[in-house]
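First, one chain by itself: the form predicted on its own, in structure tokens.
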Amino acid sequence: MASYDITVRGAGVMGLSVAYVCARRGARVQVVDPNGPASGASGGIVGALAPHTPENWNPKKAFQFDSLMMSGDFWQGVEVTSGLPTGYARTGRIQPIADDHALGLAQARAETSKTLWQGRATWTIEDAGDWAPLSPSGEIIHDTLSARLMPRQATLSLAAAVTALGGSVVPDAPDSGAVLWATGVTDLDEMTAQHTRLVGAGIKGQAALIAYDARDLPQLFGDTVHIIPHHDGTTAIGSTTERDFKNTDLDALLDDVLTRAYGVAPMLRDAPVIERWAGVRPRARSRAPMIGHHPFRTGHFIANGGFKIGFGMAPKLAEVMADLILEGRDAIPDGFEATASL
């Protein structure tokens, strides 16, 4: 029987990213998931890697900024190693400005971005062009930090990269070496059952993929809807945030999402819908990722709670977790420690 330095349980973006970085550093890694890679929330279709607003800076925002800045090299490395696309590109994002109050906020954030984003990305106020959400003021926010990828393809590319580096991705295997739990909602539910209050929960999301080719254009955000042009000539629209995910009817809220998207971007109205997606994303009670030592499994590690920002956080999160697992070096921000959600 083969022996490994690390066993990762869960083949979503968090588990596979840690496995990939550890394998790159020379560790022998196995990833175990009975459902296979990208079978859960990481098999989605939206892929908006969007930053927090450049204001009220805190460790969570700083960590995310660092991770977004690492993303280009990270995902390029995954593609080169696996030979498969991830759909990553830093194409930016456009948002409408509704009124004078919103304009004032946007202008203030444009100023703070100059410092907080370290001159490596911009947040500017511009006149709305042809590719823009409808904006009552006629002006839009354009940031150059936002990026996009295709979650399902990126996750499959990660799995192939782990295999290319000598690792194993299998449906079942015993623990071998250090153990990392990245099983999403399943582990959140199990931890909550062992605790006196909610540790985290699944949040359902719905999205659609349409046949509209805007592949080199920025993503749009308006009326709480994300519109993400992908590298393959499709465009994703999503997604909802639903606490009750037992109802698997895709049409109940997705049609409303599409209607709002058409209101934001009328040019999409006649594009055929080619896929509907629904999935349950793991959100920790703290709303920050849960990483570090597992609070209920002695000697094990955890990477969970990615929710909407898992792909954006993955590059730096994977490096930090590899430092901890392989070197015993703990550089995890206090708000991300697994105990923060207890």
Ligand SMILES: Cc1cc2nc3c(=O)[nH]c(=O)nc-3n(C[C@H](O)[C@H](O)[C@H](O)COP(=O)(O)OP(=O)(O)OC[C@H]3O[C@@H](n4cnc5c(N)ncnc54)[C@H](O)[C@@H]3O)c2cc1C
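Each residue number is its position in the shown sequence, starting from 1. The shown structure was predicted, so the numbers you read here are calculated from the model rather than taken from an experiment.
Below, we refer to the form predicted together with this ligand, which is not included among the displayed structures.
Student: Counting only non-hydrogen atoms, which stretch in 54-62, 22-30, 288-296, 41-49 is within 4.5 Å of this ligand in the model of the complex?
Tutor: Result of the contact check: 41-49.
Student: Residue 163: heavy atom within 4.5 Å of this ligand in the model of the complex?
Tutor: Because no heavy atom of residue 163 falls inside 4.5 Å of this ligand in the model of the complex, the answer is no.
Student: Using the partner position in the model of the complex, report whether residue 135 sits within 4.5 Å of this ligand, counting heavy atoms only.
Tutor: No - in the model of the complex, heavy atoms of residue 135 and this ligand never come within 4.5 Å of each other.
Student: Should residue 321 be classed as touching this ligand in the model of the complex when contacts are defined as heavy atoms within 4.5 Å?
Tutor: Judged by the heavy-atom cut-off of 4.5 Å, residue 321 is well away from this ligand in the model of the complex.
Student: Report whether the minimum heavy atom distance between residue 182 and this ligand in the model of the complex is within 4.5 Å.
Tutor: Yes, residue 182 is a contact residue.
Student: Identify whether this ligand in the model of the complex is within 4.5 Å of every residue in the set 14, 277 and 310, based on non-hydrogen atoms.
Tutor: Judged in the model of the complex, 14, 277 and 310 all sit within 4.5 Å of this ligand.
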